[in-house]
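Below you will find one chain, with nothing else, as structure tokens; this is the form predicted alone, and questions on how it binds or moves follow later.
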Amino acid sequence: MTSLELRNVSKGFKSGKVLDDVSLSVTAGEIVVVFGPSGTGKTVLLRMIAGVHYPDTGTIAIDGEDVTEASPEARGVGMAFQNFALFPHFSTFENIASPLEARETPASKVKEQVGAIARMLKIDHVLGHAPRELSNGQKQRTALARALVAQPKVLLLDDPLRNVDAKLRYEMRMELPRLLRTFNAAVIYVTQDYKEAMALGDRIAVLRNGRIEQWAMPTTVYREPVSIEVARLFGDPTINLLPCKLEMNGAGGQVTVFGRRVPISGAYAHAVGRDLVAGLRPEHVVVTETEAPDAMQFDLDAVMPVNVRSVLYLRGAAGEELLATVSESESARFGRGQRKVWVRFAPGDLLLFDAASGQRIAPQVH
């Protein structure tokens, strides 16, 4: 059952329109990540669902009931913020218990529910501490416990891992999906970290300029981005973008990149005559030190280690730049760069975009 549904929601302020015709649905037990750069309207979207802001147009429904104009306390929504937003003069216990106290829950029930959620989040040993005595990780878990303790139908998480250290962020990316599913709430998780979006989301809604540009499973967003801009947002290092020409030859076609004609599916025939851009992910670029029949020669300018992979900076004969990634063990073969290497890639890994609109060109199979 759809627990949360937004239909054609728009919102503006004096500075202009922030959200424009946004539609989104989340089922019970599902995590939908709203991903996008800073300033795209992600937090405003959450505040409208919570009832802090009301939409100018459109409707918001929870469990099939229209709550567009309902008060925040009538919606059954829990929310955790990136800045924790804990009450400074309350203990950890009192912070977690505050939603239950607002509902006038009996004291014995409050103690039982707070204890249960604190044990689950491994903060039961700091229930008597004030927020100033907590680490950022403990503050984050306290804010999450407060959002979950009343077992909301809808849970809104506003970049909750942004202010915690890298180790805890990594651990919580693995732990959160399991934890959240035990509550069977419809979860909207906001972030501007694409790795977090890929790790946590059952589906990702890419929000740009107040509109949802793509809404799909993580693998689809990465492998079949709807536009150049979406493709750029996912991946580190970013996708290679190469101006190219498409020609048809019998049943098949070919694109010219780096001065070399590369065979491509005839399903792209409808794009002949348009100015195109080919997209190639760095991990799809194969770099070798020996020549191969289908390889192109490049200059290796530099090698930069990044986590457990290394980025190779390559330059073509006409000065074209190309990024490739290799494993940590492979990077040792290239030393510090500055040599001739050979590059190849599978034509099926190329993404084609319209140069004017930036939209991805999908193959058409008849």
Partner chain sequence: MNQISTFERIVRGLLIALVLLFFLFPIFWILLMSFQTNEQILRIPPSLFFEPTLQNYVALLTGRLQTAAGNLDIAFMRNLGNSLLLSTSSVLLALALGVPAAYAFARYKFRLGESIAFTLLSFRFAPPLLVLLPLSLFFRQLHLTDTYIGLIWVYQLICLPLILWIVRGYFEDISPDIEHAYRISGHGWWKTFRKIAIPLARPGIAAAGLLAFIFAWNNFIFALILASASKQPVTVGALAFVTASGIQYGQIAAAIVLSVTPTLLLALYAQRYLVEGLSLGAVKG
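Positions refer to the first chain, counted from 1. Please read all numbers here as calculations on a predicted model, not as lab measurements.
The same protein has a further form, the form predicted in complex with the partner chain, not shown here; the description that follows concerns it.
The stretch that touches the partner chain in the predicted complex, counting heavy atoms within 4.5 Å, is 78-86, out of 78-86, 176-184, 235-243, 109-117. By the criterion of a heavy atom within 4.5 Å, residue 90 is counted among the residues contacting the partner chain in the predicted complex.
Proximity of residue 139 to the partner chain in the predicted complex falls within the 4.5 Å heavy atom cutoff. For the chain shown alone, residue 72 is a contact residue for the partner chain in the predicted complex, at least one non-hydrogen atom being within 4.5 angstroms.
Contact annotation for residue 292: none of its heavy atoms lies within 4.5 Å of the partner chain in the predicted complex. This chain lacks the partner; the member of 50, 61, 311, 44 within 4.5 angstroms of the partner chain in the predicted complex by a non-hydrogen atom is 50. Of the residues given (282, 279, 99, 210), 99 alone sits with a heavy atom within 4.5 Å of the partner chain in the predicted complex. If you take 116-143 and check each residue for a heavy atom within 4.5 Å of the partner chain in the predicted complex, you get 131, 132, 139, in sequence order.
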